[in-house]
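Starting off, we have a lone chain in the form predicted on its own, written out as structure tokens.
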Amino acid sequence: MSDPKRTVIGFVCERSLPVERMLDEHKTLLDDPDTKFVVVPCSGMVKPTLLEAALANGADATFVCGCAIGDCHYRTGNLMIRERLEGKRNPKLRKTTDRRKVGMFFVTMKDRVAFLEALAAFKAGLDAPPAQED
């Protein structure tokens, strides 16, 4: 069975991955042509509304990729976006946002392969049934 095509939009900190070597001129991931990057100076500047806008405009999934936790160039940007996506800090994702379609990764420049594996696992999980709420 082949993987279905999915449009995935990632908001990626320029200091988390070697983005120049990973993208073509259209900011498409060379290892996964269904994934496009929006390169940002820091993952902490990404607001949940950007992720929701990507989904509302046709993306099948979206994610944020920041520096490894504890290694943010701007000190706490990766912590801020993680807390926002976990619903612990404002602004948060809307309750109506399908959490299965929103991913987050925190990596170093050396974690390219680990990132690609995590991205593939994230995309594979998009078909999982919704989580049961308690």
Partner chain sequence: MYRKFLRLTKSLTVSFEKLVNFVTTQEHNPLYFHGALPLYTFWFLIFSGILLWMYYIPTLDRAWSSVNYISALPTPGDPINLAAGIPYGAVVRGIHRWGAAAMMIVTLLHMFRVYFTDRHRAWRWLPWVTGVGLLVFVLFVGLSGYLLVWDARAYYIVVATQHLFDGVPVIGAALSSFLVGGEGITDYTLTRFLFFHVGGAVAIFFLVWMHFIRLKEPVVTPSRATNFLLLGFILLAAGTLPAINITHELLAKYGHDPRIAAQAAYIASDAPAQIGTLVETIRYDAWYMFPYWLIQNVGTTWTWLILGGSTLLLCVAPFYPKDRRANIAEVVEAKCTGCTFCSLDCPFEAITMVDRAPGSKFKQIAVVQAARCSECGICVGACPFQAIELPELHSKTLEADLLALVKKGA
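Note that the structure is a prediction, hence the values are computed from the model and not measured. Positions refer to the first chain, counted from 1.
One more form of this protein, predicted in complex with the partner chain, exists but is not displayed; see below.
Interface membership of Thr108, defined by any non-hydrogen atom within 4.5 Å of the partner chain in the predicted complex, is confirmed. Although the partner is absent here, Arg84 sits close enough that one of its heavy atoms falls within 4.5 Å of the partner chain in the predicted complex. Remark: Phe11 counts among the residues lining the partner chain in the predicted complex, judged by a heavy atom distance of 4.5 Å or less. Contact check for Lys101: no non-hydrogen atom falls within 4.5 Å of the partner chain in the predicted complex. Residues Asn90, Pro91, Phe106 of 90-107 are found to place at least one heavy atom within 4.5 Å of the partner chain in the predicted complex.
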